[in-house]
Every structure is written in C-alpha cells, then in structure tokens.
Ligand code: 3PG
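The data below hold one chain only, encoded as structure tokens and taken in the form predicted on its own.
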Amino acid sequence: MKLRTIVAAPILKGTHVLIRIDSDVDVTAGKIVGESAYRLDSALPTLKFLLGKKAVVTLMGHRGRPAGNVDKKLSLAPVQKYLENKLKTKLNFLPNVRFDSREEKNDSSFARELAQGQEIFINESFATAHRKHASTHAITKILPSFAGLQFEKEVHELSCVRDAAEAPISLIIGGAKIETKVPVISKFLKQAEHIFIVGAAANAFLVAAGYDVGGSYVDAVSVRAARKLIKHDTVFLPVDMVIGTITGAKKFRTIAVADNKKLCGANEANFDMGPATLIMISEMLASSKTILWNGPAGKFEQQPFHLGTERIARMLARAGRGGACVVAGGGETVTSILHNKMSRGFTHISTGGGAMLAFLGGAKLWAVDVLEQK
C-alpha cells in the first residue's frame, strides 16, 4: 500500500500546514508521564521537516474522552509545552478536538472550521487511523492531505507483517478486551505456528475451557469469543500463573493450571504468568521468524507481577537481535518495552494499539484509505 506522503507535498516557505498528531498521553502534575511521551517523540521528525521548510505549522490532537465537553484536565497545554521544549520554538495549537462533539461524528462543518486558513493537511496520528473522525477523515475532503513520516512508516512496517510475514509466525496476545483482538487472532490462525494468550486475555480462555478464575478480570463477551478460538491447536494458554489477593494483605503464589479446575478464590486474581509458561513460550519461539506482541502478560505496573511482561520484552528483544522480525504495539506493551530499555531489537514499535490490531486483522482504516495513492 502506497500513501501520499509529506515528502511529495507542495510545502514551501510560508505554506500553512495543519498537522494531526497523536497527543493522547498521560499527564501528572502538568507533565507528560514517562513512556507515554513516545507518541509525541514519534511526531518530531515530521515537525522538524515542516519547520525546516519554513512552513507555518498548526497542530491539533486530542486527550482522553471528554465527550464533547471542555475539560481543563484534558487540555493540550502540557503537550504543547513538551514539544516546544523539544523543538526549541513556539508552536500554534488548536484546542483538544474532542472538546467539540462534532469531532467524533466526522462532521464536515467542524472539519471546515479546523481547516480555516490552512493549505495542507498532514496526518501523523496512526493511533486514531481506525476512527472516522473530523480531524482525520472529513478534513481530507477539504484540504490536500498527506501522511506524516511516522504514519507512513507504520503502514509500511505493518503491511509487511500483514501481507508478507516470513514463517514461522508467532503471536503473543495479552491485556484485556479480547473482542478487539479477535480479528488479528482470526487472521493468523492458519498462518501462525503459535498464538500465546497471556495476561487478562487468558482469563476468558480459561473460563471457556471450564476453569474457575475467581476474582480475575473477565467479561462475558470475551468468553464467547474465546470459545470460538480455543479449539484451534495453534492457540496456547498459560501452564502456570501467579495468583495474588485482590484486597487486604498482598499475598501471592504460583499455581499450575492443570492441577484443578478451581484456580483461585473470589478474593484472588490472576496477576501474571508463571515461570513454566515463560519457558514454554521461550522454547516455542526459538525458531520463529516473525513475532507480533500486543498486550502485557499481567499487572506489570505492580511488583512482583511485572516479571512476566518484562521477561517477554527481553525475550523478544533478543529474538529481534538474532534476526527475527519483531513487532509490538499497544500503550501498555510499549510502556513496558521502553521502561525496561528493551527497544533495541524490536523491528517496529507501533504507536497504535487498536489501530495496529485493526490493520493487521484486515479491517478498513478510514484515515489510511483516504491517503492511499489511487
């Protein structure tokens, strides 16, 4: 898939350029939190390219889900400050586009307001590419539109995995909300040699297999989806888990999944995969040429439940340095990789979670389609 890109855009000195960035980052005390700055940093090459061309740049984006209401806590001011410090220049920002209810309705009147005084539109927000919104889709009907450098890279790298992945292929799928991951799992069911289900995602599969997961997070929609997928012999579940108490004293223990059908009590939950599962995954991945990872293996933000996710990051970084094509995406997944300083070895770390899964699963990405060279 070839896109109209910023390199081919008719940008001269003084050209007014409107750029949509992925600004949905975590903010604490007015500052960007840790690894979530990765999304902003990914837009820097495009911004430097535009500033180098002496273009007049205006940025727009969103934070959170204000549902069409102005919420000062979701202001883009911290984003503006961060990027201005990085670029050593003042930047012009529009307010959070989701402060206006017309944004998520893909309203053309709102798109015209955004486009007022602008000559070129650049999309550098792959994370929202699966959304049909005014700032990513309707805007392209009003202004000549092009993909930013990171946006183009996302589409190129993910197209290689989706359309021409080298076998053997393995997937590691974690986190929650299995329904968002069903398309990519289904897409690779016949192609992949291994599809490992870990983290909160594993709970739905374990319930589908007849296990009692106690107080672990699980929902009926995910269980129904898991029942359709679990019968395939390429799908692998954890063979052991680290169980912790939900309330009271923070006790934990490791249990073997095969021992009995009742894995934990009502006040306990599955918070991480165990060492036997890690060994199983490591051995099975040894021959993989393409590996896709989305979703943590447990409650990685809390010790000692960080170990499964951290060790997956280390394992995959090592596989990448050994020659495998290793692609990862999703906010928590990226946070873990960067926090553990494991990015070296990954072929591509996507800024998109839902957008990456949708693209790899073969779904239509509205903001990508409108930028495709016909």
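When you see a residue number, it is the position in the sequence shown, counting from 1. Values in this document were obtained by computation on a predicted structure and should not be read as measured data.
Below, we refer to the form predicted together with the ligand, which is not included among the displayed structures.
The stretch that touches the ligand in the predicted complex, counting heavy atoms within 4.5 Å, is 58 to 66, out of 338 to 346, 315 to 323, 41 to 49, 58 to 66. The ligand in the predicted complex comes within 4.5 Å of a heavy atom belonging to Ala127. Interface membership of Arg102, defined by any non-hydrogen atom within 4.5 Å of the ligand in the predicted complex, is ruled out. Put simply, Arg98 is close to the ligand in the predicted complex: some heavy atom of it is within 4.5 Å. Residue contact with the ligand in the predicted complex: His194 places no heavy atom within 4.5 Å of it.
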